[in-house]
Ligand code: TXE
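Next up: just one chain, as structure tokens, the form predicted on its own.
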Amino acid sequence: MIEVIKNYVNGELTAPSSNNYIDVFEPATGKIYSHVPNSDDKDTDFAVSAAKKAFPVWSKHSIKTRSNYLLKLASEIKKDSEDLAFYESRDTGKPISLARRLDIPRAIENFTFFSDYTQNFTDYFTFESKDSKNHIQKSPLGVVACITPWNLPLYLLTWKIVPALIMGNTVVAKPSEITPYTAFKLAEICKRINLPPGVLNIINGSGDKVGKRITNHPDIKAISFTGGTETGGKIFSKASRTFKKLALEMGGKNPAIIFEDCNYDQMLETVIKSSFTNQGQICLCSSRLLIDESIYEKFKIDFCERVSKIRIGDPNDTETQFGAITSKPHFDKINHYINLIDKENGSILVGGNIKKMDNRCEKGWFIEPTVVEGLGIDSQLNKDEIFGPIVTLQTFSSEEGVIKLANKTKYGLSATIWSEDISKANRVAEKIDSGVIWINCWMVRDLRTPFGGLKQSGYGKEGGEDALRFFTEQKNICIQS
């Protein structure tokens, strides 16, 4: 049976005014399992109106009161965590074990972290001098929009809406129409805990319709977006005309720099994960492996052997390590880059094929994890964000050389550095143009720290104090002494 997803507006689950829907596919089977609203301007305006109406009361609640609502949501998500992990796996094609381990726990943590972190937040403080007394007041913005991607649906949706709500804003959220199901289940949970109507509104639909209206709407004061650089650029161009606040977390082409003096076994195990977790569909994945030439041959052999043993399978199987590509268009995009390898004089060391599956997954979108060497620095595979299970190998012979190699990209989201010489690792890190740099680890996150990229990977920061600052406005009231 094909289920019909609804929008969540003003505390109710509603059908789109046009009664138009988009098919939602399960990547592992290639089959339609649901329909999601293809909302239009009328639906989006209704959501903004509901959020605007709810703002005066919600913003006057204390942080403690708002936090209590969010902690109730966290508690209900935890109760439903097994179901939500299944839905997230079905929507995205990722192994259910990954959704259980990463996606759902992190969504819960987003609620609990910000609820705790804001308890000591001061929205009013004073500076005094011999000439004046200055009162600094921090206030919520009003109606804000959160636009989230398809790769980590509930994880990234909650990462944005929680700090917005806890600071007193009301939210219009647009999840990806490709992976909308856990946002729909979150809406049901909001009804279950009696979240006040209009505080959170979830509008489904295409970027060309809902995203465009959000970008242009005069009553939306800020947009927090995660997605591709091209889309982020369009939002920046249009939203800046109305002087909205913007936080744009965009693409990456992330290097992993591997020095000969690394802890080799730890490095190898972690780089496998940083390259191929979630089928390489995480903006923080390592897609360019830069290896000290003195250990290149050993690394190549060991890495490829490990990659060839990654277990590809049905995402429902708890033993599966590597699932399906999330959409057919993205599957086709990745195959396009695989077909470029030979044209760009590269060599496939392992993978590079469509993976044919049996039983229920026989029509699913599976691609083998792929390792490539021999490509030029300026090849498309070394420059473009593929956002899939393809990594390229390159060598270096000096610190200066690897820094130039790492920075030879328009992106600057993240990097990893592997060396037991921490002084050297820090020295290199200072010269790498990336917003997040891990030394001898990957995806280790303290949620108090700023998160965001440089160059075409980001505009603004998220996380901790930066998120609270983004979702508030400061006003200075000066009184002459």
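Worth saying up front: this structure is predicted, and the values here are computed from it rather than measured. One-based numbering along the sequence shown.
Quick note: we don't show the form predicted in complex with the ligand, though the next part is all about it.
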Quiz prompt | Option touching the ligand, based on a heavy atom within 4.5 Å in the model of the complex, out of Ser275, Thr320, Thr392, Thr226 | solution = Thr226
Quiz item: Of the options Glu385, Asp292, Glu368, Asp314, which one has a non-hydrogen atom that comes within 4.5 Å of the ligand in the model of the complex?
Solution: Glu385
Quiz prompt | Proximity to the ligand in the model of the complex (heavy atom, within 4.5 Å), stretch among 134-142, 296-304, 400-408, 227-235 | solution = 227-235
Practice problem: Indicate whether Cys283 is a 4.5 Å heavy atom neighbour of the ligand in the model of the complex. | Solution: yes
Quiz prompt | Heavy atom of Phe86 within 4.5 Å of the ligand in the model of the complex | solution = no
Quiz item: Quick one: does Pro197 come within 4.5 Å of the ligand in the model of the complex, counting heavy atoms only?
Solution: no
Quiz item: Is there a heavy atom of Gly351 lying 4.5 Å or less from a heavy atom of the ligand in the model of the complex?
Solution: no
Quiz item: Hey, with the ligand in the model of the complex, do Asn151, Gly211 and Lys333 all fall inside the 4.5 Å heavy atom range?
Solution: yes
Practice problem: Within 4.5 Å of the ligand in the model of the complex, which residues of 160-196 have a heavy atom? Give them in sequence order, or say none. | Solution: Lys174, Pro175, Ser176, Glu177, Ile178
